[in-house]
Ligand code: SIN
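Coming up is one lone chain in structure tokens, specifically the form predicted on its own.
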């Protein structure tokens, strides 16, 4: 198999299928890390697919702040302690130890040595480590304010060296192929749920093909696009979470949705991330009338308090005083345009006179700490199915993610999933017992107006009822509204011709229900899950 970027797969027209040893759905840091490890350690044939036309377009690409490691005046013990403290007692200590032990080594070996990425430095032999919220010291490596893009460019540049990796763009996974659900063999009903690949839509031809694989890795990212205000790209709609849930995978901790405190807020503009590193370099939060408020909410940390504390403090100030936003004062940040060039350019495009003027900001949905349950190697509860990156719940983040650890987690657990599959015997694919996709008879084109309206309904429901603050009444209302909406969307899906937007809507409403029901069942306030009707909430802003 030859590696290359393609708009669609080369499919056997007689059988409409494509076979590989491993299918990886998603091309961000977690998916590519898994592919590279597999290609180095085995001769397996690997297919990586993405719905994007540019395979680097993922949540990884938009990560600004950096990747956490062990800094100059730091230790592994301190790093572990910070992650566990921010995780509010819900992080799995074993996976945190793995992250901190293996992560810095992989950053050095793969990203720096093999891929050749140059992180920012203060001298020829000394990196510039920055600090973000809730870190006890500066330990975050970065490339300006476009670290995710730089890392992904570097990792993707390695792919042509491995002819057993094939990268296919412009295709969207419809559903996982699982037995016994999709099997033509009635005896498979007696076997555990097993994944054999996925049905995949070619968005150019609108044909659905069978991508069959001995092992499948979900690396599809998160679901923060379910919210009206978000820092995430359009693909963060919960595709992998919904597919795995429908297949029967165990899903946990999805109530822990992290809201980034600072997204750009100008009317009629798209929210974009203002990295926490701006506050790490001296930025301060003010109300529009010039009042500095974070010491009132977090005297120990000030502007560098954990993200949930800062986000709720901003929301409280906006609610109490009817402010449309708060301001991020950058006047004390040295050489802002050099340190944060992308933010500088985009703010100037919207008429913000940086560095003199402050940046208007509001909280926005940013990262989901939960997801598909996995073990220490990325294995899910479905045989032959792995999950890595934001779609997975490895246990690292607990109830709140420490800044800078998402890229590191994707690198570490993508690598571990690749190692585990490479060490296992190749798995046979039961081709003859997997049926072709069945299209809806006489399907009509999906109405864009209905797609748009239903998406907006999901986003507003999630923002107002399953947002920064929740209670039983709001969550119950969200669940009832989403159940009704899901029925309508499923009917729509079963009658219309498939396209990427319709698949995304179907996955979004299912993911929204998963999150809302998880939040309803957890009656405690913990980490980013803030219940105003819980006794635990009395001590928090």
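Residue numbers count along the first chain shown, from 1. These numbers were taken from a predicted model, which means no experiment stands behind them.
Below, we refer to the form predicted in complex with this ligand, which is not included among the displayed structures.
- Among residues of the shown chain, residue 366 is one whose heavy atoms approach this ligand to within 4.5 Å in the predicted bound form.
- Within this chain, residue 273 lines the site of this ligand in the predicted bound form, having a heavy atom no more than 4.5 Å away.
- Within this chain, residue 255 is remote from the site of this ligand in the predicted bound form, having no heavy atom within 4.5 Å.
- A residue is said to contact a partner when one of its heavy atoms sits within 4.5 Å of a partner heavy atom; residue 132 meets this definition for this ligand in the predicted bound form.
- Only one of 360, 404, 280, 103 lies close to this ligand in the predicted bound form, with a heavy atom inside 4.5 Å, and it is 404.
- Comment: this ligand is not present in this chain, but in the predicted bound form one of 142, 416, 260, 210 has a heavy atom within 4.5 Å of it, namely 260.
- You can rule out all but one of 480-488, 500-508, 58-66, 41-49: in the predicted bound form, only 58-66 has residues with a heavy atom within 4.5 Å of this ligand.
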